[in-house]
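Take a look at this one chain, the form predicted on its own, written out in structure tokens.
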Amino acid sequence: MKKSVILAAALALVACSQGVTPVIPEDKAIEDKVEKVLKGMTLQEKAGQIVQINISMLLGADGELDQAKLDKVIGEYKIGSILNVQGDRAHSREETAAMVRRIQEKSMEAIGIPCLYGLDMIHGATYLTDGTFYPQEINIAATFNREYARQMGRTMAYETRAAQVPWVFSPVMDLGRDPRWPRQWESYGEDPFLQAEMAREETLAIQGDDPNNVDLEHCAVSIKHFMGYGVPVSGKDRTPAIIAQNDLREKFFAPFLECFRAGALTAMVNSASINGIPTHANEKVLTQWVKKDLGWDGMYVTDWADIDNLFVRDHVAADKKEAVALGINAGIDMIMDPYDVKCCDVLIECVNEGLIPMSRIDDAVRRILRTKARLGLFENPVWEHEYPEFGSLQYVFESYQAALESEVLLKNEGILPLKGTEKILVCGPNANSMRSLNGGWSYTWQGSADDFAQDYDTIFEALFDRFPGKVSWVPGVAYDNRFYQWEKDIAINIPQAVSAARKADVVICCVGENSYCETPGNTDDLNLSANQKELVKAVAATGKPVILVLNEGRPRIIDDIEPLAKAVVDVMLPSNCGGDALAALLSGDENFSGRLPFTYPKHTAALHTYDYKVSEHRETMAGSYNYDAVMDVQWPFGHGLSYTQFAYSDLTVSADSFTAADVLKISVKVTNAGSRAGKEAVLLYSSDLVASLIPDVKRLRGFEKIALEAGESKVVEFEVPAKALAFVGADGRWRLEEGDFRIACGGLGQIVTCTQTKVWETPNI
């Protein structure tokens, strides 16, 4: 690439647009501090602040911090940020804190600037052996209860800070709209609104009330992965996505926009590419959409070695020097180059050769220093603070409650709840595994919970305790737990499982997936494995009723065995308390209330989302649209059964007509028409009946979780700004068009009319 082209691009990016109100109000004391520090820094020190390395670069052969490596990495190269855990496995709070303290001491001695240490805390303090684990994000989404996102974020921050770490790479808000993608379980599901609501609440809970002054019980977030990461064309991790520009703005940007507006301090960038442009080199989305259009003064960090990928994998740069210049000039502020401190040398060469202007370097360093100042690290690079609630039983109880509300009853032909008198056979590879309950990012990257979570109950152990003397276990199929072998299972004793089934009254067959994370979780077949399907068929052939328990990070195809089951429960990844939650639900001690936050496919070649275009489902197009119809899927988005029944009535909208300036006030009466207490996720949808682009069949616009005693009724109220019904048109502008909209909730619908078209000139509304 020509030097002049790189330089010209960079010079155009440094300053934010004039007249934009920053999403985080400026704090003069922080800005003065940052400018004072920046003014006294050498180019070597600036380069060191921009580079982040893996902790392994500081460890000796014994796995402990090595003084010579500390002297080189921090003393010589002035590295300003470290990530990850020793030995790629969780350590206790005390061990983690001791390591970080030593690094901070060296950083303050050698540079006078604190280190910014970050950890992948995904569903709680998941890299601390004594931290609290909550259900994975996909489960939190299934609760349709914002409170659990807040609880998880608060506890994650509190316990991470207790280990002297002020930065978490969370929340994840990639839209999980393709179940082939191996990271769907890290997200809040397929819907932009649900994703945005949950991610905002988690962000606020992690950072606290004031992003300029994050206290010692909160952390900085790194919202990720910005953006469009979850829909690769191939379904494989870190591979290219093709996304229509209007969808990119309207759907994929939505949760990130919500979190930027909520004060997110940092963001991690999508490892892959969108429409042929690697996101790490995409000036339009990194700088224009966020730094300029929003006035965001936070910090971008790359994902793992992704600057190198610009030349090694993507071939948009000829070598590392060109890749570094391309990324930094596009808007990257911190380069996660886990094993290469010499990236600092490359940065210096880029500046000296005019490939990166000093103004862009200073802008990046300013953003990094600002993050450290907002975290109070200059005053307290390490801190003395009491954390009496660390690992508290209250946090564990919250995790249990979240698991209860997240496990989804998909089918029940009268067999549940169990009476408690049945002889129960538990089988399947997921029945006696903490690893499969937790999923990835649990104590280790790929999730080795069986090595750490012995104090918690597997599904079998929880059922054994709940039904004393009634439960036996024969696995039938077992996983190969070697690294990168997560998808392999072995039929070990299916005949014995069949024999045991004949002696039982009911069979609980626990199938699904072993834990995996990122690229190792790629799959070529969404079908449940042949061995597991054979197990289900074999035990069902005995004539004994089968309860199918799905324990998986993404939906696996089960259309051929679903008819063999009298009941189906998808527990997804409910974490350490998930087995006990399932036992309470199957026994009827608790009631199901979870709903699917994704569409469960029926066929491997028919992967849909609930907000499909009206033109995609021809069978429903005769006459008036059927907006409650679904394509040929196993179960639709929002599906979930209960042991009670809920009736909806009296749907009202505040006005029959509206304009873009109005707020629609919607209410609906929900009654528990059954004989026992239950919780209901009340979901509100809208449908644009005619639009200048083919409209989605429906879109989620609101949700509330309510608890009702038998016979009790509540009126649930929603407020929907009319502009929320707008869409991004072919010209890239937001537009709300005159015409009819259908507002729907609980099978009820009402038509309201927009009386005037409005087109917004601003990129965000």
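Note that the coordinates shown come from a computational prediction; the quantities given were computed from them, not determined experimentally. The first residue of the shown sequence is 1; numbering continues from there.
From this point on, the text means the form predicted together with ligand BGC, which you will not see here.
Here the chain stands alone, but in the predicted complex its contact with ligand BGC, taken as any heavy atom within 4.5 Å, falls in 217-225 among 217-225, 550-558, 447-455, 639-647. Using a 4.5 Å cutoff between non-hydrogen atoms, W304 counts as a contact of ligand BGC in the predicted complex. In the predicted complex, F169 approaches ligand BGC with a heavy atom inside 4.5 Å.
Residue contact check for E518: one or more of its heavy atoms lie within 4.5 Å of ligand BGC in the predicted complex. Proximity of Y395 to ligand BGC in the predicted complex falls outside the 4.5 Å heavy atom cutoff. The contact with ligand BGC in the predicted complex, taken as any heavy atom within 4.5 Å, belongs to L83 out of L83, V316, A504, V498. Taking a 4.5 Å heavy atom cutoff to ligand BGC in the predicted complex, the contact residue among C343, M336, L573, A281 is M336.
No member of the trio L204, E258 and K291 reaches ligand BGC in the predicted complex with any non-hydrogen atom inside 4.5 Å. The partner is not shown here, but in the predicted complex the stretch 92-123 reaches within 4.5 angstroms of ligand BGC through a heavy atom at D120 alone.
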